[in-house]
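Next up, structure tokens for two forms of one chain, structure 1 and then structure 2.
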Structure 1
């Protein structure tokens, strides 16, 4: 009795199998390219234009986050970087964690840390108020109106 091995390019559909790894691979490539564009533009705007690194302070960030374009820009960097890194670590966990229980708990920790970081980062970006109404006047930046 001889068994034949199917050619490598023979399409094989097993019940219940999806192309999750293919989509994860494609996401890594697309998010990597987009992250390079987002990050280098971010660095150029923050470090090369205006007064450069000397202008980076609380007021600079507050002024930047007053503009919805920069809020969305930083949000996209946060989400893409976290999801890109999480997908990469998921792949490493799948490759190197041999026992199923270890793999499960490493992924639970990874997904928990990712979720917490994304939620808190998103909240900071959209709820940031450089001039809180109840703050002491001596603690406020110079651009805040003094009551």
Structure 2
């Protein structure tokens, strides 16, 4: 990437300029503020309440996702954290990968990983079945019908 820095006070060339980097910069700050609330609550509920980490199992997840509030919560956390982290890594790749080819392929890898995780995570939340028919009953949440 060759960038020529124009002489100071050269009038800006407005045609063909985009604001993408400005929006990315704003997004990092807005998503960051929201993520503090989303992630701190996630960590508090999952690690600090009740038996903490020892209580985590399939039944715990089923109990949480029975409530649409937690579904939306996790969905927002998933999208915002992945997009925020991806944009952050894009900046870091731009900083350190100086060869055009290397930079291109690192970004292709990054965006592929991001797309797969966001799609997978979203499908998991929306297609989740708390009472799968062929599972052992003692692993399921208490609200599942007893066969």
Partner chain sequence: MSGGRARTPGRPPSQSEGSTFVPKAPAGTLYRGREGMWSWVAHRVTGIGIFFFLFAHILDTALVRVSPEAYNEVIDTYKNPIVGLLEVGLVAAVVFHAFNGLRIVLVDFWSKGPRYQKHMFATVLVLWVVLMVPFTIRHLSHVFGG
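Positions refer to the first chain, counted from 1. Just so it is clear, the model here is predicted, and its values are computed rather than measured. Under this definition, the rigid core comprises the largest set of C-alpha atoms superposing within 1.5 Å between the forms.
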Here the form predicted alone is displayed as structure 1
Large Cα shift (2 Å or above) at residue 98 between structures 1 and 2, core-fitted: no
Please state whether residue 135 has a C-alpha shift of 2 Å or more between structures 1 and 2, with the rigid core used for the fit. yes
Once the two forms are fitted on their core, CA shift of residue 57 between structures 1 and 2 in Å: 3.1
